[in-house]
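Below you'll find only one chain, the form predicted alone, shown as structure tokens.
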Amino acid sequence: MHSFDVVIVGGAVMGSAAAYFLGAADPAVRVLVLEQDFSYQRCATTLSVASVRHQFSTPENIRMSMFGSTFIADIGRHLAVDGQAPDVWWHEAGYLFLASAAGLPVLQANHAVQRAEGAQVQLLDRAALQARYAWLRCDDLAGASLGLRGEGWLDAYSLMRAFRYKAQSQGAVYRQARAVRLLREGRRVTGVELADGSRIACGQLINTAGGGAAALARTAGIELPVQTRKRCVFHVRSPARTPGCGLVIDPSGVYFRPEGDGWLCGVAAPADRDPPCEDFEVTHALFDDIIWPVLAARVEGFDAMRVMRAWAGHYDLNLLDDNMILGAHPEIEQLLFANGFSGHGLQHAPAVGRALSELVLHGGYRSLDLSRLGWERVLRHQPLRELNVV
């Protein structure tokens, strides 16, 4: 039986970030990353809208995103291999959260938390909003929150590949294989069984398996409250002009941002139309019933938009509070979780990868204290609710 110090199940951006930070902190650590599909065609990383924002309601999320955007902006220093720096096409442009009169108090409360954490964000009243974005229809709005620095979007696949390539250059081994069962002796996880029947022993195992994380945890007797939800993205074109446009979130939850010669847009389906699922079929009715009516009313010229292409990806949603579950479960040793990111995984990957390496090597956090995102709140049914879920 092969043996490694650390086995990471799930080799997209989260698992690869953990592998990189482990290798950077201690080159002697033997790391194996298991990924069931090296094409990454259907992983959440590849199919995401690949954006970074500081505008959350949970302080830990703000801190992680601020670290993430700083890391990405200096990615050449961190992830260069043999003098070749990766390009992840980082485009800095702020998020713009729009608020109705009913939603303004929540926006203002979130803004106070963000400013306290050092995020560079600005509140705009309706007059300032209209003056800054003449193309935006603001009659039903009471204000907005704009990110001034550190927010934007990038190429998600390039970021994931940069983490993976750097981790491999540090000695991490990648294997295309599907983990089907965790091996447990008493309170300890000792290894993992693969779909071909082979087994791998390890000192510690990290579950970053995304949509497959709950099923894997169940093989060790742990119920992880994470389910997969489909999220559809539409690339549209229109005669509209939106100078200065960042990523705009309407009070309805519909979002849009520039992409090439058009825009990307989407929305989370209403709860009664958002069941657990594993398929990748695009729900075109979301565009016809929800997205188009909202955007046609919000931006001059968007009534004439046309869908050029569309795709569906998955969120691994934490059913408790839309925040990730990070760290060890109190009933089992040598097993770390990083699951239920609810759409925030890409932007938090640098911070979570660093945190996982600290838990492995030191048994606790050395940089950001992320203990509130651990299992304790889950087991006590005490949600740490994230209010800004897009």
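Worth saying up front: this structure is predicted, and the values here are computed from it rather than measured. The first residue of the shown sequence is 1; numbering continues from there.
Not pictured, yet referred to below: the form predicted together with a small molecule.
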Give a yes or no on whether each residue among 50, 178 and 210 has a heavy atom within 4.5 Å of the small molecule in the predicted complex.
-> yes
Consider residue 355 of the chain shown here, and say whether it contacts the small molecule in the predicted complex, taking contact as heavy atoms within 4.5 Å.
-> no
Is residue 14 one of the residues lying within 4.5 Å of the small molecule in the predicted complex, judged by heavy atom distances?
-> yes
Determine whether any heavy atom of residue 94 comes within 4.5 Å of a heavy atom of the small molecule in the predicted complex, and answer yes or no.
-> no
With a 4.5 Å heavy atom cut-off, would you call residue 54 a contact of the small molecule in the predicted complex?
-> no
Segment assignment from 326 to 334, 360 to 368, 34 to 42, 66 to 74: heavy atom within 4.5 Å of the small molecule in the predicted complex = 34 to 42
